[in-house]
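What follows are structure tokens for two forms of the same protein chain, given separately as structure 1 and structure 2.
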Structure 1
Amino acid sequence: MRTFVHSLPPELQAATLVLLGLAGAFGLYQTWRLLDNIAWIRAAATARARSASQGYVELSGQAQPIPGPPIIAPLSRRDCLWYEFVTSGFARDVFSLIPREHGRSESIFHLEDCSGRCIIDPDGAQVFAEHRETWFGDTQHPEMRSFGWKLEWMGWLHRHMQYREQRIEAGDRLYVLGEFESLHEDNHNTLTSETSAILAAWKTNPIRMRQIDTNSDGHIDADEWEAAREEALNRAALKLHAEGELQPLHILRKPKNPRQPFIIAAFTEDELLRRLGWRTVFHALLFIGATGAIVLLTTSVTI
């Protein structure tokens, strides 16, 4: 290899060294980023959706849809909860793949564990999906679904478009690490409507209205009505608590601290750590290999 590089024109020799330098820097950066992600994952204990504390938490459960219109993956046309796709054109003249289109779902979905539910907002997440497919065709968008990777990779020989898609589907195992927040807006609405219902019932009940009219002057003044409203509010809260309807709305999203990774994976924590570990090894080897190659070449190449 040293002889081969030595035989190249000086500009190409320099370009080779720049490329190796970039590969080494990329390998080193990725090694550190992946090791840091692994450290965050290993340091987090799995919380429960019902009782997780506010802030950076790890949850584990099952992916479930949120009621509403279905989310359809644009390439495979499959029903899913989250998708990401890339279509690339294969340019034969320069033997490279040219990115043409890229899309990513930002629709929310549920994580359900043994204790409750949490809304997952995937915007800005590193996603490791279970369903990943690559297939080929001749049109900008695929006309048919994948047949499975073995057959489809043969399409690479005579088709010029490549389609790649990854999806999270309903029922997939789900691991998430991100910023957890509990919202109480729904509670407020539920409580207000329940309070209104109680007050409306009282208005039609003359005995109750006489009780509210504490000074018995035949009119409900502002203070009396305020006292009645408070009592109705307390009754509504008690009723909703007893019925288990006063549940906060939990949401997990991208952390405000940019150093904390936001991860969504359709794997168990152990499986995710194993995959990240192998990626780390690959990038560390890339860094060491690129450094070695630069050293090997610079000892003989003169630019």
Structure 2
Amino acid sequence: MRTFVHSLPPELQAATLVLLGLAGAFGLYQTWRLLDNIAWIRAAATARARSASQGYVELSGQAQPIPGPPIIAPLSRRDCLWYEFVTSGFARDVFSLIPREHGRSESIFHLEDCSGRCIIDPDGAQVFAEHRETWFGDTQHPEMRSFGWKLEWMGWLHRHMQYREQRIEAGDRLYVLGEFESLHEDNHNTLTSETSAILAAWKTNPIRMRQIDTNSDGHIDADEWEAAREEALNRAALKLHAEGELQPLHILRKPKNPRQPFIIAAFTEDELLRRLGWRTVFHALLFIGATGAIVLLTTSVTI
């Protein structure tokens, strides 16, 4: 009696089982995470931007820009409120393999509903954007095409660079689940500028930077910088309020509780739940399939 996996070449036996194990573990983790997100979404009550209670809430409305310089998506060069992009492949204009490049906007924008508006800080959010595009080219940075981006995929066989981009644009429907907090601000540019000025001053102050480095490892990690950024925002709001420049301001951002998901979606709640449901089914099938394949490969059969 020998198992089927033992009939494979020795170098493939361990690799096959490891890959199937990783696929199964990934499918199980994603299934659990998606089910947890669905549970949080179903449990949250929809609030209004003007009257939401402080804490973990969901808001629905439209995406609107905050006054200031326009945000330009770096690949499509289109005006937007938020973007994320990925590029990779071989660029002929520089004759080299371009490693995977990833970029993501951190600019704030408004969610506006019938009661008012709320600032959305997308840092750390799971984003499900309506505008998603994938196309191909030859250059490190994509060139504009007169026939439109949607047709670019037709040249994928002889083009070696891949560009992927998703965007939230003005007027898009928004569903947001996160931590709601009321500050005070009348001019959003003033608050943003003041926050940036505080952070810039801290960067030039070695004593302050050592205080931000809470674990004293000589490196400011993402969590430490996020805590500093939040402190700077609060200090800026208090300073401007003391100067009489602030009115009530509402902001929704990443929850302090790591178990609570922070979600921004350009869909209705029902559409978001439907999409998450399909993703859950896919990853559950991946887990079941990988587990079944492992059992099949390691089950004794007569050779």
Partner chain sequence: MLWIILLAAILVIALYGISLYNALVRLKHNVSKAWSNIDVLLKQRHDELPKLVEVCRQYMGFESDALERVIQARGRVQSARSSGDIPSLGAAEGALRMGLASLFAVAEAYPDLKADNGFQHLRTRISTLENEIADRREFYNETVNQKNIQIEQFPDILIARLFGFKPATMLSFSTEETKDPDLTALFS
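Keep in mind the model is a prediction, meaning the values are calculated, not measured. Numbering for residues begins at 1 and runs along the sequence of structure 1. Rigid core: the largest C-alpha set superposing within 1.5 Å between the two forms.
- Of the two forms shown, structure 1 is the one predicted in complex with the partner chain, while structure 2 is not.
- When two forms of a protein are overlaid on their rigid core, residues whose CA moves 2 Å or more are considered shifted, and residue 128 is not one of them between the two structures.
- Relative to the superposed core, residue 201 shifts its CA atom by 2 Å or more between the two structures.
- In this overlay on the rigid core, residue 71 has a C-alpha that sits less than 2 Å away from its partner position between the two structures.
- The Cα position of residue 215 changes by 60.2 Å between the two structures once both are aligned on the rigid core.
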